[in-house]
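The chain below stands alone and is given as structure tokens, in the form predicted alone.
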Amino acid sequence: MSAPQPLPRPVYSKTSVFVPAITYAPPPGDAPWYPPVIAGADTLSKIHEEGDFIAASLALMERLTPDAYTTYLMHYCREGRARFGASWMYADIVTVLLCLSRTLKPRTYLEIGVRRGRSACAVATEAPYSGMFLFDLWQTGYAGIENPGPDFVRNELVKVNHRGPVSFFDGDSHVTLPRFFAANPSACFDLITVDGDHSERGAAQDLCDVLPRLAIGGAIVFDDIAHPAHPELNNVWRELILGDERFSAWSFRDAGYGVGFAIRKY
């Protein structure tokens, strides 16, 4: 039996794009002793814990077109609150994106795996003028739920009063992402979500494609790190993010399918 192949690794280059809300520039004449990021994942996880983003997520889902999953999730979150009150610890891709968007005030957002637009709408709720770059294969009946395409997502974004530009990129991310970055060699993003290909190498490749394009102080969000059907995703998260000193990272695996985010320090 042949040995398993190592995961691909991102190739980084120096970037001069910083996220102003989370980086510090010393006064003129002062030496920049520290890396510029002034608040990392520990601070942001505290903001997430104290900010009641569960309630914000419920409010968002009430504004969007329901489906079987969001109906289940709303009941789940309300039951968690009813049983355990403010002590209930829960996070998912939407609560994390609401928190990060409120704190980072992203100017640009890239998402792999758009589906029905709930994650994009979470960002739009807190950053209504952000430019959005949304990549999806639009797989029919993905996860047993209708996957209606870009026009549906545009209408969902209207419901949350998004006013920034939106660009959709249809097709396999392993084709469309390299094509996009080849055509836009200076593109850099304040916030990125990776929730597309759930195979180990496919998810790793998506991360490798986008991580070098994350601004200093920008956040990467990676979904499903506790999903029982996809245990390999947590391995990808550990290897490419938790094992890299460029990032300050936080993970939630206690309930649901899990989610992680990380801030690029340098």
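The first residue of the sequence shown is number 1, and the count goes up from there. Because the structure is a prediction, the values reported are computed rather than measured.
Keep in mind the form predicted together with a small molecule is missing from the figure; the text below concerns it.
Undergrad: Exactly one residue in 139, 184, 161, 167 has a non-hydrogen atom within 4.5 Å of the small molecule in the model of the complex; which is it?
TA: By the 4.5 Å heavy-atom cutoff, the listed residue in contact is 139.
Undergrad: Can you pick the one in 114, 192, 98, 157 that has a heavy atom within 4.5 Å of the small molecule in the model of the complex?
TA: For this set of options, the contacting one is 114.
Undergrad: Choose from 170-178, 184-192, 99-107, 77-85 the stretch whose residues reach within 4.5 Å of the small molecule in the model of the complex, heavy atoms counted.
TA: Of the options given, it is 170-178.
Undergrad: Counting only heavy atoms and a 4.5 Å cut-off, does the small molecule in the model of the complex sit next to every one of 93, 119 and 196?
TA: Spot residues vs the small molecule: full contact, yes.
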